[in-house]
Ligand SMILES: Cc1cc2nc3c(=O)[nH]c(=O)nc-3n(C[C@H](O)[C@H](O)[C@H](O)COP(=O)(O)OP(=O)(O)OC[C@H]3O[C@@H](n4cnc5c(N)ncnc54)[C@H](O)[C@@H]3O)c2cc1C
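We begin with a single chain expressed as structure tokens, specifically the form predicted on its own.
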Amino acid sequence: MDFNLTSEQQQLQDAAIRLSQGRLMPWLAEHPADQPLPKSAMLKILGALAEFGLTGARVPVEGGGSGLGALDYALVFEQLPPVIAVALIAHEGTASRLYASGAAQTFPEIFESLIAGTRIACTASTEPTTGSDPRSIKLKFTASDDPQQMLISGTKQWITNGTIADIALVTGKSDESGELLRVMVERSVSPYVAAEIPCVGLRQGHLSELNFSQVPVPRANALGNDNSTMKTLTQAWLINRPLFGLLALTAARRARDIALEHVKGRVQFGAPLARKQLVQEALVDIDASIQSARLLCLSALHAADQGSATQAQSAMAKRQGVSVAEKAASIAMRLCGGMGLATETGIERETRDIKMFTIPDGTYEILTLIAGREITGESAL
């Protein structure tokens, strides 16, 4: 087993680092750190990601995308600023689902605009009372007086990109058949109400609530029935969960770097803190845990490329990645003493951002039950 990157993978990773450090991070710095980015700024960022081929990373080349495998995508993805990476996973994931549903042929102009980054996309599945169990979704698609239209009624919550999205892939139930449906909603054609949800971390991002009150949408925009909707959600989880684990670990690594610089320069009892045995032990624990959890996430993504990924493997990857990241950032904060609590060091921001990765695509407890179900063959749900 070769753990070294190929020359192509190394080039991809290096290019992503240059993109992040040379363009994306300076653009983020132009805006308040505790307020959602303007839509114009997000479109500028998506344009840069499109140049790099990331807005259609998992879309096949023949479909206008980059055709990256899950592992190669991850090696690039983990180099991006977290708030941008989360927006990208929503946008690119929606584009991938639309392509898999045949929407690239049915709605070519819309699909091409998403790949070009000139329109923003989101996927709307979760609701105020529905998270890990999509079959309990309450949003309804009902009949309209116009046979070419149907009406959307309900609320979606915790939707990344929701307030700035031009295209929303909305999951709901048909009032006629009771089946789950995925429907592409073009906001300029089917206007809905969207509001930001203030959160503990990733404050430059857009986590939103979408409200639909008898909103008309063309019946032709329906993309799948109950079976295909569940399959699409399941396939997305295989990739997204390890990606969220990697994002959390990247934030933890930045917290570790801040702590390392602090203990090298902080002198106590006549010597730098870096010479103290317990401090060195803490840093070793951080590094060992981050490296092992990262390998678990990359292994899950490699398995996805090979067609051998399981829901247990994906669940364990995110579960371990986020859990390790939370603990590592907490230790890093303690190593900095009082400065770990100060906003100027940046550790508190990394700690808050890591919290934002603990919920999407499964909490620690749900991920445990998913993995436990495959291990034992018994469902606790």
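Residue numbers here begin at 1 and follow the sequence given. Note that the structure is predicted; figures quoted are calculated from it, not measured.
FYI, the form predicted in complex with the ligand isn't displayed, but the following is about it.
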Quiz item: With a 4.5 Å heavy atom cut-off, would you call Ser96 a contact of the ligand in the predicted bound form?
Solution: no
Quiz item: Applying a 4.5 Å heavy atom distance criterion, does Ile359 contact the ligand in the predicted bound form?
Solution: yes
Practice problem: Consider Pro81 of the chain shown here, and say whether it contacts the ligand in the predicted bound form, taking contact as heavy atoms within 4.5 Å. | Solution: no
Quiz item: Hey, in the predicted bound form, does Ser132 get a heavy atom within 4.5 angstroms of the ligand?
Solution: yes
Quiz item: Which of Gln311, Thr126, Gln149, Ser113 has a heavy atom within 4.5 Å of the ligand in the predicted bound form?
Solution: Thr126
Quiz item: In terms of non-hydrogen atoms within 4.5 angstroms, which of the given stretches 289-297, 246-254, 154-162, 138-146 touches the ligand in the predicted bound form?
Solution: 154-162
